[in-house]
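The chain that follows stands alone, in the form predicted on its own, written as structure tokens.
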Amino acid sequence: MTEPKKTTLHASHKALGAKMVNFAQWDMPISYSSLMEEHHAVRKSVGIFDVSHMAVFDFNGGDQIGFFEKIFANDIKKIASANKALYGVILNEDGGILDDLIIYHADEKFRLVSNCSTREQNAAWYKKYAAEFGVEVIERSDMGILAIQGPKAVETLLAMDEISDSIKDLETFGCMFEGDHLYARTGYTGEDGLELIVPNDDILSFWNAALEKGCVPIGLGARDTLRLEAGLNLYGNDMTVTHHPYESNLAWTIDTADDSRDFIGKQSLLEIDQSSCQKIIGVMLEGRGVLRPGYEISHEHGQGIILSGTYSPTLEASIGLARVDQGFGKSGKVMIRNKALNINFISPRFLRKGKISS
């Protein structure tokens, strides 16, 4: 059996008493204290995540705009003249989702972050098409990522000597380079915060400084409950290569406005009837129980399945994301242990900045 990989902060997690689990072949903390405590720390104050298992890529030379226009379903020109980040997906020719990722642009440089489980697949995919545009793909295995999230995230970071005061001027999805350090006002929790993409040689000092300023260490368990409350997809659960963006709540990331831009998968997407394909919707269980992936759903006009499900510490209810046939209305049934229980269909964005969506 292959030994799981470890981030630079592995020893620090162990020293803090973290419970470790194998996540996509990485030994990662699932919790330090309790999922509930960590979840509420991010919603009410500030937490810090080690997400250094994610894959980081830089690019050198050639026609990088042309390269991203080819492989990325969103239009890279939206950030080509701005210090901004852009979220989107890469597709195969059939329109299936190979991965979701964020591309950062600042100071005429691009940096890309995608999922750890797709690292080898993506590296080969990037290099295959980069060659057409004379672009060098550089996998930055020397980089780590910290996410500082919560309503007090920015003020906490500004109190750290290691961070430039310039971060306070970043807009949502804004980013900036300081040397090889990239600071971006993004996240995966629905709260304000920044992600720091920095060399592994520097990451321990950032981590320790953040802890000293009151950041609570957060594991993968709370990361999942936080992202689900925010209605954010998880690759492998809510989107996969067997599903296209229109049935994965990702239509907003597909840009077909430029007729001359022929990105991979575009022609297949143009042939899809969006009025009839399944959709992802938010689901809330009435009463007791917990929604789990794979639970079957029924409604007046069709069927569906739970993709991600958990107990929401903020809403104090069981919530989930489900892919369902259209015509779902406001309510339906879910089968849990051979019992049909009532569910309500609502916006998949359960919370916005910690507040219940209207």
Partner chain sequence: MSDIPGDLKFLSSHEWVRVETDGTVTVGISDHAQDLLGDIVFVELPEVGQSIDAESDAAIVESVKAASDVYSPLSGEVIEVNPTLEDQPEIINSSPYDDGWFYKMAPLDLGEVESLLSPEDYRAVCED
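Just so we're clear, the structure is a prediction, and the values are computed from it rather than from any experiment. Residue numbers count along the first chain shown, from 1.
FYI, the form predicted together with the partner chain isn't displayed, but the following is about it.
The partner chain in the model of the complex comes within 4.5 Å of a heavy atom belonging to Val290. Within 4.5 Å of any heavy atom of the partner chain in the model of the complex lies no heavy atom of Arg349. Using a 4.5 Å cutoff between non-hydrogen atoms, Thr225 counts as a contact of the partner chain in the model of the complex.
In the model of the complex, Ser34 approaches the partner chain with a heavy atom inside 4.5 Å. Looking at the partner chain in the model of the complex, residues Lys19, Ile30 and Lys339 each place a heavy atom within 4.5 Å of it. Only one segment in the set 65-73, 51-59, 308-316, 326-334 has residues whose heavy atoms sit within 4.5 Å of the partner chain in the model of the complex; it is 308-316.
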